[in-house]
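This document starts with one chain, in the form predicted alone, laid out as structure tokens.
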Amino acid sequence: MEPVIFEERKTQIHRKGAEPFSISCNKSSLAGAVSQRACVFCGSRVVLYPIADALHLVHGPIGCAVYTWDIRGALSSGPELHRLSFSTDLREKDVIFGGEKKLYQALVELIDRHQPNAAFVYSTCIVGIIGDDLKAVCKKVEAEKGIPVIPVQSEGFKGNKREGYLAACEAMFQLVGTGDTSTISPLSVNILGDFNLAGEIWIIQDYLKRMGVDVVANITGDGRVADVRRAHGAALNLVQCSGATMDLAKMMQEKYGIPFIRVSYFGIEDMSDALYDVAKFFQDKDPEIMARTQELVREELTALYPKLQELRKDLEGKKAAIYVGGAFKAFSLIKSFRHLGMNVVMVGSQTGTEEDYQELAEITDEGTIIVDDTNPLELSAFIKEKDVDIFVGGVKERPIAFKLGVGFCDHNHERKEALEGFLGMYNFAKEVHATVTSPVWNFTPRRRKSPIAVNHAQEACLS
């Protein structure tokens, strides 16, 4: 089946081997194409949301707050104020007469009631249109209440999701540099771009602790305001989701001289490389750190490899499609599927850059479809064309897979299963195996071939 592609989107799709590499990306979504992307406001919300002891107030219509309520499966080891969703609930009267008074009253009431350590106030589309002075209201409340009250300039219409990431980084940067750093170890890092989905950041913290490295601030998974305020005292920034937090890493490098390295905690190679890169950075200060890291990786892989080999027996030769938010995750997923004997035949992201897609083209096989900022129509067509066995995506991609009778793995921020680290690789392999080998897909209209096949599937489901 030929994919249905709008003329204006053809430059955002590349088929490896059919043509020299070229792809158009990092631009506004095509109007009417029903992009899988989220808006600027959502981009800022997903980055800041896991700061658990802060108040998060959405200044806008109630729908914007509902849309992003508890948007990540970000766990907290302490306070859970971030899981509540607050809104000024702007109505028609506020659009006409302005919403600043309503915002001030909401902030005062919520700060008195919940005693947060800081407050983030998110601007939405309508606030940008009516021109409420968010900064002035935040400044007034900050002076009255004595905590940071930070405006997040995230009007939804002013760009794509990446603009929201930048707005979040600019908001957080107002906190950085305001805390005491006198007790911070010289072997210390900040973890940027990990959102502690299903407790993943605790896995990474454990690895770093075994290496002898302290974590100053989690930005933003299981985050705390006080930690962000002293983050400028760390020796190194580890940046995982580079689209979400690279801007903050660059700001901290420019102002405080803190270097950063890009890492990924998904898959065997990238997880190992991340730990070794940290060890190399600190080996001048601690000559034994590399030996401890090698022992850690050896222990983990000795336990992991036999389990993966067992699952691989049923997965060899199966085909996978990937569509995720940030491209860094796609790199690690391609390598992870190879460990399971599977082939990636389609890969794409919402916010990848030309450099990201160039790298994807270099590590994928001939014939692989690489796509930027796609939509359900294209994804459905690509999945049918390649006849994939599993689709990896998020909540918006799940219905596409299920309707087409394809196995699905949730690799987005709603998931409840930890997929980072060596433990996460095993969890990922188990989930892939369970969905790819499930007989339930034989019941879907596209897969149903004959009454005999359905009977066999029914027997398999009951057994």
Partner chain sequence: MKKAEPFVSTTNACKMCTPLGAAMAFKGLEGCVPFLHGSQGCATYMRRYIISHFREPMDIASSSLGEKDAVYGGKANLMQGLLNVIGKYKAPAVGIATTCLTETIGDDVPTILHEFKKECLAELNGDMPALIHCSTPSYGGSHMEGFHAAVRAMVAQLADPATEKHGGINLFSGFISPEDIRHLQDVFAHFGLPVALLPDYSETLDGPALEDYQNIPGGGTPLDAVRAMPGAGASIEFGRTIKPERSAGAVLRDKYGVPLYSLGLPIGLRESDALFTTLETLAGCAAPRRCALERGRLLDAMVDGHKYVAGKKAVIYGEEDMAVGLTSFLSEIGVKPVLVASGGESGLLSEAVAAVTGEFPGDPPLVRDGVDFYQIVAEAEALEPDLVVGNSKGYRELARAHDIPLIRVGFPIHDRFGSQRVLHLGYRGALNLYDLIVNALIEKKQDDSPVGYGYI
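Residue numbers count along the first chain shown, from 1. Computed from a predicted structure; not experimentally measured. Just so we're on the same page, rigid core means the largest C-alpha set that superposes within 1.5 Å between forms.
Omitted from view is the form predicted in complex with its partner chain, to which the following refers.
Its partner chain is not shown here, but in the predicted complex it comes within 4.5 Å of a heavy atom of residue 157. With a 4.5 Å cutoff on heavy atoms, residue 445 counts as touching its partner chain in the predicted complex. For the chain shown alone, residue 88 is a contact residue for its partner chain in the predicted complex, at least one non-hydrogen atom being within 4.5 angstroms. By the criterion of a heavy atom within 4.5 Å, residue 418 is excluded from the residues contacting its partner chain in the predicted complex.
Screening 284 to 292, 266 to 274, 199 to 207, 97 to 105 for residues having heavy atoms within 4.5 Å of its partner chain in the predicted complex returns a single hit, 97 to 105. By the 4.5 Å heavy atom rule, the three marked residues 36, 41 and 84 all count as contacting its partner chain in the predicted complex.
With the partner omitted here, the residue from 384, 335, 255, 139 that has a non-hydrogen atom within 4.5 angstroms of its partner chain in the predicted complex is 384. Though its partner chain is absent from this view, in the predicted complex it lies within 4.5 Å of a heavy atom of just one residue from 211, 315, 147, 125, which is 125. With contact defined as any non-hydrogen atom lying within 4.5 angstroms of its partner chain in the predicted complex, the contacting residues in 374 to 410 are 376, 377, 380, 384, 395, 396, 398, 399, 400, 403, 404, given in sequence order. After superposing the rigid core, the C-alpha of residue 443 moves by 2 Å or more between this form and the one not shown.
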